[in-house]
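Quick setup: one chain, the form predicted alone, written in structure tokens, and binding and motion questions come after.
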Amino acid sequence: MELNGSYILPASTQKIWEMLMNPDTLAKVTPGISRLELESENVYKAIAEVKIGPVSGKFEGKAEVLHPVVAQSFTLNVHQNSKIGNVSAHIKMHLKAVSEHETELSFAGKAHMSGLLARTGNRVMSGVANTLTKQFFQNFEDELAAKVEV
């Protein structure tokens, strides 16, 4: 399944980078994440519970940040396992300054699924991925607003 898109966030590339590299912030803004723990440099243990439409399951696995270029780009490798199937994703993330106070965060990659997740069908899983992506960016924007208010 292809994963790609972009979103304009109301903060500098440095601020967005710092939030993306902070496991506490990521645990708050990533839909379904109940725990995100730093295991070693750029490697996180992630536990998530996802319930959207016909997809419901607890996922455990790892997320690894590869090739980080501060405030510009990185690649995210994710491997999650569950009783309903496994997900493996490789996603390139790019940050681009739109203005002094706006950043375009774009992503492109692929996710491979197995088990019930794979049998559920690409159309349903694409819808779930789109819903989770929209929730992620809305949560990220809400977190940015909360940090400005503090």
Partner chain sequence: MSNKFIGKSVKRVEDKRFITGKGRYTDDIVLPGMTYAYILRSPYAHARIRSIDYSAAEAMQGVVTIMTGEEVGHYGVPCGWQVNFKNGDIMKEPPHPLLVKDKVRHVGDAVAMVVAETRELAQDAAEAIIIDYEVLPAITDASKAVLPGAPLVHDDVPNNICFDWEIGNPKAEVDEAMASAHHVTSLDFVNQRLSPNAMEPRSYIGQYDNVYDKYTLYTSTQNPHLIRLLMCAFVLGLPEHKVRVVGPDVGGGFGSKIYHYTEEALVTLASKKIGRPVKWTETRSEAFQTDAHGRDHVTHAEMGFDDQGNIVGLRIKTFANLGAYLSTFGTAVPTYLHGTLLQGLYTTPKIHLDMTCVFTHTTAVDAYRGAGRPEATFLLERLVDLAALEMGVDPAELRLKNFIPAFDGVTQPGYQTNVALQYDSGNYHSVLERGLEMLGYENFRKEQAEAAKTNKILGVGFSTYIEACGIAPSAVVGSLGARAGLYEVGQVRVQPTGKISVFTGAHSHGQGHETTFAQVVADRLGIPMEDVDIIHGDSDTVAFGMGTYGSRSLAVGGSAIVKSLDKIIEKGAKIAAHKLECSADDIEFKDGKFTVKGTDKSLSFGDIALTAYVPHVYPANLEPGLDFSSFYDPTNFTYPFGCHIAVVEIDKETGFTRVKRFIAVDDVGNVINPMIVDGQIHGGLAQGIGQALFEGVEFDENGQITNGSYMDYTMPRADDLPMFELDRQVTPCPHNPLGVKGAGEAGCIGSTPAVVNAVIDALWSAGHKVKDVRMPMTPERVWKAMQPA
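Positions refer to the first chain, counted from 1. Keep in mind that what you see is a predicted model, and the values were worked out from it rather than measured.
Omitted here: the form predicted together with its partner chain. The next part is about that form.
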>> By the heavy atom within 4.5 Å rule, which residue out of K51, H101, H67, R123 makes contact with its partner chain in the predicted bound form?
In response: R123
> Pick from A108, V43, L116, A89: which has a non-hydrogen atom within 4.5 Å of its partner chain in the predicted bound form?
Replying inline: L116
> At 4.5 angstroms, heavy atoms only, are K28, R35 and K62 all close to its partner chain in the predicted bound form?
Replying inline: no
>> I'd like to know whether H94 contacts its partner chain in the predicted bound form, with contact meaning heavy atoms within 4.5 angstroms.
In response: no
>> Please tell me whether any heavy atom belonging to H112 falls inside 4.5 Å of a heavy atom of its partner chain, as the geometry stands in the predicted bound form.
In response: yes
> Going by heavy atoms, what in 66-80 lies within 4.5 angstroms of its partner chain in the predicted bound form?
Replying inline: H79
